[in-house]
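Here you get one chain, nothing else, as structure tokens; it is the form predicted on its own.
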Amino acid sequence: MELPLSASGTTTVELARTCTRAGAALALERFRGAHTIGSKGRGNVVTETDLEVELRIKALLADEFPQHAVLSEETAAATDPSSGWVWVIDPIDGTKNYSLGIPFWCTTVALCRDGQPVAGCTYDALHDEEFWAVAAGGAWRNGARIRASDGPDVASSVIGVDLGYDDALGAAQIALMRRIFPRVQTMRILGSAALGIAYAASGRLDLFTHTNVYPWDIAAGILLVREAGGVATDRRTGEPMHLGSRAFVAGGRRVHDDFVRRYSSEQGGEPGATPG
């Protein structure tokens, strides 16, 4: 697929990188400062910085691609990402971490065409780590090509999980961890789905799984894993992970397949223990 150039002649992936850096720079300036914190549910918070970062990124996109739609967590969550060109934004993924001063959060921006991510970037400003990918162009971290894990199975793996903000789904994740442990090297709860997927794409985690995400959490990550030679699937249906996936597992191919064989429910609902 030929990707469009912006009004100033910038490629889509370069624009995604510019937007993440511009937004993350603002977030970094405010990090560990005083915040106005609102609540969207138990554990799910939003700060004034989330809103300002999102508006900064949307303004950049409006100048470069005024004809493109935007789907974003705070100000344009109702946009349908399945048709046409749509930019998907999460201004601060890991806002709870951010609001507490925990140094694990990121800004992520992706461009989708008819629901398929084609360019995207996830930027960890605190560590100056930029994970980006373009369709058929590979996945990269700060200029170096990344590859998903080549580990053979769950038992030899480091697995990342997150709990989300749905009590029942979070409890299911904890139950899953209890079923897996100690038949694994170790497990990590991260607090940022977007960074978790980026880490799975780059092989830092052999596998990452979540049960309650939204398109802005995963748009760039879907492309990162795919271009890094990994695999990501919907935990409920087993089909390739997509923007509508709310539960997924992503990482190296062999680890992914072992996880699915051992720990995914035959009904495609919440994960259950299957013989293996």
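It should be emphasised that the depicted structure is a prediction, and the values quoted were computed from it without experimental measurement. Quick note: we count residues from 1 along the sequence shown, nothing fancier.
Below, we refer to the form predicted in complex with ligand IPD, which is not included among the displayed structures.
At a distance threshold of 4.5 angstroms between non-hydrogen atoms, D162 is in contact with ligand IPD in the predicted complex. None of the heavy atoms of C121 is located within 4.5 Å of ligand IPD in the predicted complex. Using a 4.5 angstroms limit between non-hydrogen atoms, T95 touches ligand IPD in the predicted complex. At a distance threshold of 4.5 angstroms between non-hydrogen atoms, A193 is in contact with ligand IPD in the predicted complex. Of the candidate stretches 211 to 219, 24 to 32, 54 to 62, 234 to 242, only 211 to 219 has residues whose heavy atoms lie within 4.5 Å of ligand IPD in the predicted complex. In the predicted complex, the residues of 71 to 92 lying within 4.5 Å of ligand IPD by at least one heavy atom are, in order, E73, D90, I92.
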